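Listed next as structure tokens is one chain, alone, in the form predicted alone.
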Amino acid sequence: MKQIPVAVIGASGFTGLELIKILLNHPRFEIAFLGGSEGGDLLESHPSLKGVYSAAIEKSDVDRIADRAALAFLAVPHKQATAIAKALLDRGVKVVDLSADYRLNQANYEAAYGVKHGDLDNLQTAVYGLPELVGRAAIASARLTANPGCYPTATILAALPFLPYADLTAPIIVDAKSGVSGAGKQCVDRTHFVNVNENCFTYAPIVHRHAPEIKEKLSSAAQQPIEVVFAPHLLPITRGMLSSVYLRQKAPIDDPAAIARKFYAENPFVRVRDESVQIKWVAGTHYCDLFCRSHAGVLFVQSAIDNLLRGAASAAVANANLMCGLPCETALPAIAYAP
């Protein structure tokens, strides 16, 4: 069976490494180009790959990418992806963009990121890459998929089954916690060891850039405006994410777990558990684990994901699978890093 050549742009970062690890075990995708802002040796960026895979990271050039690849993963910062995506799409290359550049509508993007959007035509046709929300068929027909943010993935998957049962005149409260790898490979004061170690703290509460993404997508799913109160926290761990979501109920719910299981019956990578979820159970996998309880008129839903995988790289591969006519679950990691 013919291989499908793919490119990873931003190969030197954490997400780039996770993409490479999945692609090396993929039965149909073949890495045809690794790109970055500068050239270099892949093993200098990722010494863990020594003896496993070696290649050059080339300076990204859209013509060379288009000559070699049918699909490109853009693991680059927001505001940088737009020009690359537009140029690749013009050359017939499908794109999975892991930045925020195509996730939001124009007004929300420009308000959250403080810049005019540079590719309104493709923004209008981009598909939000959360299959449980938009449906697999929509992604399968897309030329450009906008990979969701990690916090929005965990939060939307928690809230989505319960929107018909919630009093949406009240805000949805989200208390979320992430490992340090979500901040990227470049160290800043907030992610310095002496600040993170033996510590837990909130950053950008209420005004975090993922709040408009959560609000926009849940409002669209509910077909009415929803307010979201979002408080992200940083945990002294490398990877993983735990999101606790609180929704006011319209009426008492006897068995919220049954609702969630029915809603996700066709989605094998969403697991509904009978006990409170743990990051260790999903670290290294594409799974999203859910736990839900109803109490005192409030629905409590907890979700756990790996922020680098379900929140980034494996989600991108799932979207690429659909865009290339493959089963969504192809090559998605399923064995957790436990203990």
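These numbers were taken from a predicted model, which means no experiment stands behind them. Heads up: residue numbers just count along the shown sequence, starting at 1.
Absent from the display: the form predicted in complex with another copy of the chain. The rest refers to it.
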| property | result |
| --- | --- |
| Residues Val76, Ser219 and Ala222 all lining another copy of the chain in the model of the complex, heavy atom within 4.5 Å | no |
| Partner-contacting position among Ala137, Ala265, Leu120, Ile206 - heavy atom within 4.5 Å of another copy of the chain in the model of the complex | Ile206 |
| 4.5 angstroms heavy atom contact with another copy of the chain in the model of the complex for Asp175 | yes |
| Touches another copy of the chain in the model of the complex: Glu227 (any heavy atom, 4.5 Å) | yes |
| Another copy of the chain contact at Gln80 in the model of the complex, heavy atom, 4.5 Å | no |
| 4.5 Å heavy atom contact, Ser54 and another copy of the chain in the model of the complex | no |
| Interface stretch in the model of the complex with another copy of the chain - options 93-101, 137-145, 186-194, 155-163, non-hydrogen atom within 4.5 Å | 186-194 |
| Residues within 4.5 Å of another copy of the chain in the model of the complex, restricted to 312-339 and counted by heavy atom | Ala334, Ile335, Ala336, Tyr337, Ala338, Pro339 |
